[in-house]
Each structure stands twice: as structure tokens, then as C-alpha cells.
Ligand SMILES: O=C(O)CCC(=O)C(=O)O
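A single chain, nothing else alongside it, follows as C-alpha cells in the form predicted alone.
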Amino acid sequence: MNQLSPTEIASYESEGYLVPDYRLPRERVASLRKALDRVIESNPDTRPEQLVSAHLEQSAGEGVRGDNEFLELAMDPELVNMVSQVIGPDVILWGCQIFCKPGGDGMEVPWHQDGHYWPIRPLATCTAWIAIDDSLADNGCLRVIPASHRQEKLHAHLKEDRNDVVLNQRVDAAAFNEAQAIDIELEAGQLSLHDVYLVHGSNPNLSIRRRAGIAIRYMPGSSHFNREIAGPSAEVSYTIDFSQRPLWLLRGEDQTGLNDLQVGHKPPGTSRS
């Protein structure tokens, strides 16, 4: 079982992100690319940067038909073990989104904080961002502002009146120093982890090469996915309905006793349509 080193854990806590010394096998990456091709083909009217809940073969009210291979990836014991080392022993899977930027017109992801969009209280999540293709500066890799998570503060987000961005809100530029940005370059099969408060984004893909990755979201069992504040969201430029989002307790316990682990799951004996 893969273990983060004490140095890696300390770096994550200090900087808000980490690229672990870990890589998916080449065969697994090839299989994920095939799964991505299936999802893109099944959702011809959805931009590939906006394939929300790609781990659900049947949409839970969000309009995207996903693939079970991404759910299997999200439940991978090696991945869950690394996440548990930075959020604690109780791990709940609650989200999984593909960010696939086609060559030439891949959309920008404005600077943002994930927690601005999510109904989790107390706010706590680790995102595992897994590269399906090589993700480099020239094709729009993830960029982060190191240590921008330390205050555990959500900054003001300003509305973007544009149709060429994945999210329609951007962190107020006065809240951080863009000159401190770091490119998180990953080869296919590598991954990064980042904190819910970290300021991050990515540039458009103007290269000829596709850049695809999958962001898997985990929260600790000490947090509540509060469906009372989780109706359809108008804060992004695509459909999100957290009220029907399924949760999986992957390790430990739901310490809050409040998380509904039944909503959004396929009833026994039924098939995906």
C-alpha cells in the first residue's frame, strides 16, 4: 500500500498541494483514456471540460452519463490511502469531474477556490487530480498559488461574463499574488493532491495536444454534505445538482451521523439506463 512520507505530508500541510511519488500503471492509464473516449462520445452536447460526475453511469440530475471505470479509480485503495493521510482516517467520496481540454480551444479555468462552490460544513476536502494525458504548461496544466490555503478563508469571487471559461466566477485579484503561481506539470498517470482552500486554475489549451485529467473529491467523515443548501447551482456555467449527488463512505465512519449515504445510488435490482 502506497504511503506518503512525513516530508510529503508536511509539504501538503504547508503548501496546500502535493505531487506524490506515485504513478498509475501504463495499462491503467490506457484504460482510462478509453473510458474517457466513451464518456465524450456519450455526451456530445457537453463540453469535455465540463463532464461533471463522470463516475456515474447514470446521471443523478446533472445531465452527464459517466463511466464506472472512473468510480473504480476513485475507490482505488492506493489512492484512498494517500488521501486518508492528509484528511484523516474517515474518507467519503463525493465527486468526480473530468477536465478535458481539446487541443486548440481548450477552455480556461479561472483562478478559484473549490470551497466557494460546495455545500460541505465544516469545509474540508482533498482533491486528487489525476493526469490522463501529459499535463504541461503549454497545454493548460493545473496552476496553484502555494500556501494560499493557510488562512482557511474563502475570498470574494467575481462573476465572469464570458462563455470561454469552465467556471463563471474568479477570485478577486486583490486576494492573491499571481506572480507566485506554480505550474503543476504531470506526466500521464501522475497525480497531485490539493486542499479545498487553495487558489488554483489553469490557462486555456492553445497547443495541438489534448490535456485531460480527472478531479476526484474526498471529504473527511467529520464534515457534513449538507443537502439543504445543495440545490441546483447557478454559480458555474454547467448543471450541478448536489441534492442528488451520491456519497460513498470508503474508509472509517461518518462521524457527523448526518451524511445521507443512500441518495443518488442505484436501487438494488435495477439496471443503468
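This is a predicted model, so every value here is computed, not measured. The first residue of the sequence shown is number 1, and the count goes up from there.
Omitted from view is the form predicted together with this ligand, to which the following refers.
Participant: Would you kindly say which of 132, 82, 73, 109 lies with a heavy atom within 4.5 Å of this ligand in the predicted complex?
Facilitator: Of the listed residues, the single hit is 109.
Participant: Which of these stretches, 156-164, 82-90, 183-191, 97-105, has heavy atoms within 4.5 Å of this ligand in the predicted complex?
Facilitator: Result for this chain: 97-105.
Participant: Give a yes/no on whether residue 142 approaches this ligand to within 4.5 Å in the predicted complex, heavy atoms considered.
Facilitator: So residue 142 counts as contacting this ligand.
Participant: Residue-level question: is residue 215 within 4.5 Å of this ligand in the predicted complex, judged on heavy atoms?
Facilitator: Because a heavy atom of residue 215 falls inside 4.5 Å of this ligand in the predicted complex, the answer is yes.
Participant: Would you check, heavy atoms only and a 4.5 Å threshold, whether residue 148 touches this ligand in the predicted complex?
Facilitator: Contact check for residue 148: no, nothing within 4.5 Å of this ligand in the predicted complex.
Participant: Using 4.5 Å between non-hydrogen atoms, is residue 125 touching this ligand in the predicted complex?
Facilitator: Close contact is absent here: in the predicted complex, residue 125 is far from this ligand, nothing within 4.5 Å, heavy atoms only.
Participant: Which residues from 172-207 come close to this ligand in the predicted complex, meaning a heavy atom within 4.5 Å?
Facilitator: Residues within 4.5 Å: 194, 200, 202.
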